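Just one chain is shown here, as structure tokens, and it is the form predicted on its own.
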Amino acid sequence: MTDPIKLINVSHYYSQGLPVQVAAVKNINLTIKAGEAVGIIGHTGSGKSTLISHFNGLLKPSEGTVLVDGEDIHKDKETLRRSRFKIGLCFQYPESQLFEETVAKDIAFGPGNMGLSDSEIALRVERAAEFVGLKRELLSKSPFDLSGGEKRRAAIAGVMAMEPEVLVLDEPAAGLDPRGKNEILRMIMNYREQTGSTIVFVSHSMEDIAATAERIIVMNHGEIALEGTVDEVFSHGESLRTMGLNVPEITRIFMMLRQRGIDVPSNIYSVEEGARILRGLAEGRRG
């Protein structure tokens, strides 16, 4: 099976050829495999958003090649167009891009550009709304009458309705309260489980990445600084701190407990999992 996304020696320069030229990403070699859940993390300005903008051709590399399903997406206009339907890209605060009269029309906008039949578009709208948990009665409302969380869901549904091979989400939980954030993360993972789609999840939150990703790519100054499983990347705590990142607080707590001789796992990344382990310890001691 061909890998859905492959970057070969990709670099991108802003203000190229000028004295103020900046290398936003430098010599990136990266493969996203079918069905993966990949997390991309890094400090502000590390190159995360520039990197993912190459995945569907929103940016053209200054150097190197971007392959989607084995094809150079910049080979010609038709290849680029096809690639943009295969790689669904949802940027931070996507609700700011809602513009149609109704939620249903907004969700249908992407599929409508694909030349699908009205019946297929309607089916995709309904399916995407169900994925994100939007009630049927909201589809006939103006998107501007929705709550903030509902707007976010509607905007993500618009990308899901194109049924891309790869769903790329840039900070999808940004600005949401803890409950809203957890709902969005659960929604994304449920979508992946039901569709088998490849997910690329960009965040500055180590907790969010740990909750969603199987493989993590750490960006630093436009380069891939670390890459591996959650356990492998989080084991480089000191290196992460020098890059302006920190392992989750709950992870640090469990590492300290281990250092004090308490038999607990060190690879705990969520408060919920940590609480479960500690309750088990407390109950065991009482027993």
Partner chain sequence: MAEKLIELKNVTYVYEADEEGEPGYAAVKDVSLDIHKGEFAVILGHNGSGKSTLAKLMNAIYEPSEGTVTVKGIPSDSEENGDKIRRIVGMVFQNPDNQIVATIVEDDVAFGPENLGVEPSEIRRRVDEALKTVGMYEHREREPHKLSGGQKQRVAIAGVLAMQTECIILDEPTAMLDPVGREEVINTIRRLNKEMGITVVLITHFMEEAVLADRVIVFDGGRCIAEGTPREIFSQPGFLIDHGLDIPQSAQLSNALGFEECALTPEECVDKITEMMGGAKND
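Here the rigid core means the biggest group of C-alpha atoms that line up within 1.5 Å when the two forms are laid on top of each other. Only a predicted model underlies this, so the values are computations on that prediction, with no experimental measurement involved. Positions refer to the first chain, counted from 1.
The next section is about a form of this same protein that is not shown, the form predicted together with the partner chain.
### Message
Under a 4.5 angstroms heavy atom criterion, identify the one residue in R215, H204, R127, R192 near the partner chain in the model of the complex.
### Response
Contact check passes for H204.
#### Entry: Single option in L67, V230, I250, L226 placed near the partner chain in the model of the complex, where near means a heavy atom within 4.5 Å
Spelling it out, the residue with a heavy atom inside the cut-off is I250.
### Message
Does any part of G133 reach within 4.5 Å of the partner chain in the model of the complex? Heavy atoms only, please.
### Response
Output for G133 is no: heavy atoms all beyond 4.5 Å of the partner chain.
### Query
So, in the model of the complex, is A23 in contact with the partner chain at a 4.5 angstroms heavy atom limit?
Outside the cut-off, so no.
### Query
Any chance L30 has a heavy atom within 4.5 Å of the partner chain in the model of the complex?
Judged by the heavy-atom cut-off of 4.5 Å, L30 is well away from the partner chain in the model of the complex.
### Message
Would you classify A34 as touching the partner chain in the model of the complex, given a 4.5 Å non-hydrogen atom cut-off?
### Response
Heavy-atom contact with the partner chain at 4.5 Å: absent for A34.
### Task
With the partner chain left out here, work out from 192-200, 117-125, 176-184, 68-76 which stretch has heavy atoms within 4.5 Å of it in the model of the complex.
Result for this chain: 176-184.
### Query
With the core lined up, does the C-alpha of R258 move 2 Å or more between the shown form and the other one?
Shift at R258: 2 Å or more after core fit.
### Query
Can we say the CA of N9 moves by at least 2 Å between the shown form and the other one when the core is superposed?
No, the C-alpha position differs by under 2 Å between the shown form and the other one.
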